[in-house]
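Just one chain is shown here, as structure tokens, and it is the form predicted alone.
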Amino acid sequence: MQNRFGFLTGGCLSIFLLAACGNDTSPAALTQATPAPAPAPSIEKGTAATLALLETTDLHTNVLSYDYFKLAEDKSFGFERVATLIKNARAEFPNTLLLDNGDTIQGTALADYQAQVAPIACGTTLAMYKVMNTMGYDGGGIGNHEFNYGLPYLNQVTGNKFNVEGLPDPAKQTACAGPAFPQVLANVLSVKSKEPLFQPYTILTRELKAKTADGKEVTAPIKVGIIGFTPPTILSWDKRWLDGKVYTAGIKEQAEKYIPEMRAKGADLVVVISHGGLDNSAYSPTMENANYYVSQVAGVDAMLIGHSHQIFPNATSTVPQFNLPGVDKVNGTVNGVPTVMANYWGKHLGVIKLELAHDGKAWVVDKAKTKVETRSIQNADKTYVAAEPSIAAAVAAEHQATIDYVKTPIGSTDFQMTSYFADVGEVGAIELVNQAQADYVAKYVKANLPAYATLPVLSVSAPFKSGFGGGNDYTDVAQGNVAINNAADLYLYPNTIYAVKVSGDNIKAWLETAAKRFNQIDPAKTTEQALISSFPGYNFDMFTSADISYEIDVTQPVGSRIKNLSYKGAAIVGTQEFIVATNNYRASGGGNFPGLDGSKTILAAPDANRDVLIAYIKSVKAVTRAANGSDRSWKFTKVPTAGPVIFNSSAGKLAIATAAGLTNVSLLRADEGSGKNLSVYALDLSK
């Protein structure tokens, strides 16, 4: 396969492509093998070239425009469509580098199938990497979700030889099939070797199509260094896999360490591939989104960012991270550094067009002529670009095997389980998850933790799909047979089940944090007020049990909203102890819930929450609304408002709210206006 520069991306033409050749790619080996830079060929002063950096990020194994939960095509996402944008960009620009930002190998039923259901063999290339190889990627970074399936799996599918506890000595490992492009990660290191898990950086040598000052067409060499970073918070999010095996170094510190080294080895340009967003709070080596500070490190020419599932640049964005001092959301710069974030799931392609001029000694970026943009797979007329046909052809077998798997029936339901109105009290898609988690933990405690046997076992879960991506981004399990794909719809993530021992005060603080989901409502305001804030739906944890009850008063400020918190009819006392079933992400600090930092965990099970749910449905067999979908633990504190309190949900779903008993919900506007299949609904807080 040839990339845009005519180099064979899968070959062994240089030291920088060793990862694709089955050789030793440990950071130490690469450092030892990298020769001192050869004298640069003479490039005529005034020679100019255009180089476009193309970014994909947060693909999450959405290879095709297909929803495995709904078993239907969905043209609004998919690598097969962004591949068309890649081809178009390559036809437009004389020189391109195609780079991926990470969160690539996890996120769909296809990913889970290849990792957990029918694990792929060493010699088989992961479906996601297979199609990326087809498109001739030049390099890639590593996201936090790459670690979700554990280090042995990551080691295998990336074709590496990790030197970590739990794996054989690298000399005794066989390098498995992996991506045909180098992957870089500088801030995750092996406890055993004290070396980066992946090569921290690499330098790509390319020939640019350029023009001399007098207009003559020439080719001219350039060396582009790429360096990668991932959120240090992986140590808590995937503690079960990583604890004692890897550690993280500060992202800014690693950038300051390696970028001068890259320059010394001849890098003309340095491109940061950092799986994170922007945060200008006080710097910490453990902060999740450190790129604001990376942009201030000398020698950074461009940044490719991600993780937040947002679009940057975006002139109209109200997202706080894009409205910080020094961030130009119109032109796409962070402290003067060209920066792009290309959404998620293959919805957009990021493009940084660099205009280069050679001053006789080095390539210089003309920042005044640099342009940053994202390109959507959705056309202006709301249609979508055509899919690149080679992508579907490449993964036809894996795709069909995944469909066959997710169609496996495991039970039935007498009602439609959805999350369309979970924000206002619909529990039909959440209670079953809570019941499964509580049942698992209660049985485990009884059998293995007698010291906690007298404590009540509760469970929290959240509406993982709550409209972030539009009207189709909700859980919706039809009445009738329940199959594995439905369980995957009910529980979206490959988390494992954890249990924490908490006090009554901890529970109140937990719920106060979850209640950040709502804006503060002014009862006297006569104009429309939006109920839902930017706080993610997947952090809106809720109880769904007849045993526990509480109110959320949205007229109060954050931190003062939970009222009348009781257990079995009696007010919960601050020192009262409970066991709460949850997941590894939440128990280990995910979402920044007070007191949940890993220290309260009493059970860190190896079983996935989704597998626990599947087993529970199999045992129940017949799911009913009465037994499994009607126990709403919480309600809004009643208050009359002078004007409408509004929220968005999928169009045409009011009957779902009515069936769930939400008599205080009404349709205000059938079309919300964004073209995302959303309606505007009103909530009467007085009822």
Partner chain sequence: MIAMAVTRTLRTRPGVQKALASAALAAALAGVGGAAWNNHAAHMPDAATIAVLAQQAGPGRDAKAEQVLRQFAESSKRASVQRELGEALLTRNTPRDFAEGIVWLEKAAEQGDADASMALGKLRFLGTPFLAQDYPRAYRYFAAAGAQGHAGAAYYLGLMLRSGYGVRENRAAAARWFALAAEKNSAAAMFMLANAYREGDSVPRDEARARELYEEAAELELPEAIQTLAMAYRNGELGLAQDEMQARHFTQETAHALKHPALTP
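Fair warning: this is a prediction, and the values are worked out from it, not measured in the lab. Just so we're on the same page, rigid core means the largest C-alpha set that superposes within 1.5 Å between forms. Residue numbers count along the first chain shown, from 1.
Another form exists, predicted together with its partner chain; not displayed. Remarks below refer to it.
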- [ ] Evaluate residue 344 for contact with its partner chain in the predicted bound form, applying a 4.5 angstroms cut-off between non-hydrogen atoms, and reply yes or no.
- [x] yes
Open item on the list: Since only the chain is shown here, I'm wondering whether residue 310 would be in contact with its partner chain in the predicted bound form (any heavy atom pair within 4.5 Å).
Closed with: yes
Open item on the list: Although the partner isn't part of this model, could you tell me whether residue 153 comes within 4.5 Å of its partner chain in the predicted bound form, counting any heavy atom of the residue?
Closed with: no
Open item on the list: residue 70 versus its partner chain, in the predicted bound form: is there a non-hydrogen atom within 4.5 Å?
Closed with: yes
TODO: Report the stretch among 326-334, 564-572, 187-195, 479-487 that approaches its partner chain in the predicted bound form to within 4.5 Å, counting heavy atoms only.
DONE: 187-195
Open item on the list: Exactly one residue in 436, 98, 429, 596 has a non-hydrogen atom within 4.5 Å of its partner chain in the predicted bound form; which is it?
Closed with: 596
Open item on the list: Just to confirm, with a 4.5 Å cut-off on non-hydrogen atoms, which of 492, 372, 603, 502 contacts its partner chain in the predicted bound form?
Closed with: 492
Task: Stretch 85-113: residues contacting its partner chain in the predicted bound form, 4.5 Å heavy atom cut-off - done: 103, 106
Open item on the list: For a quick test of reading the superposition: does residue 469 move by 2 Å or more at the CA between this form and the one not shown, rigid core aligned?
Closed with: yes
TODO: Would you say whether residue 250 is displaced between this form and the one not shown, judging by a C-alpha shift of 2 Å or more on the superposed rigid core?
DONE: no
- [ ] Classify the change in Cα distance between residue 590 and residue 324 in the predicted bound form as closer or farther, relative to the shown form (magnitude of 3 Å or more).
- [x] farther
Task: Shift in CA distance, residue 240 and residue 448, in the predicted bound form relative to the form shown here, given it is 3 Å or more - done: closer
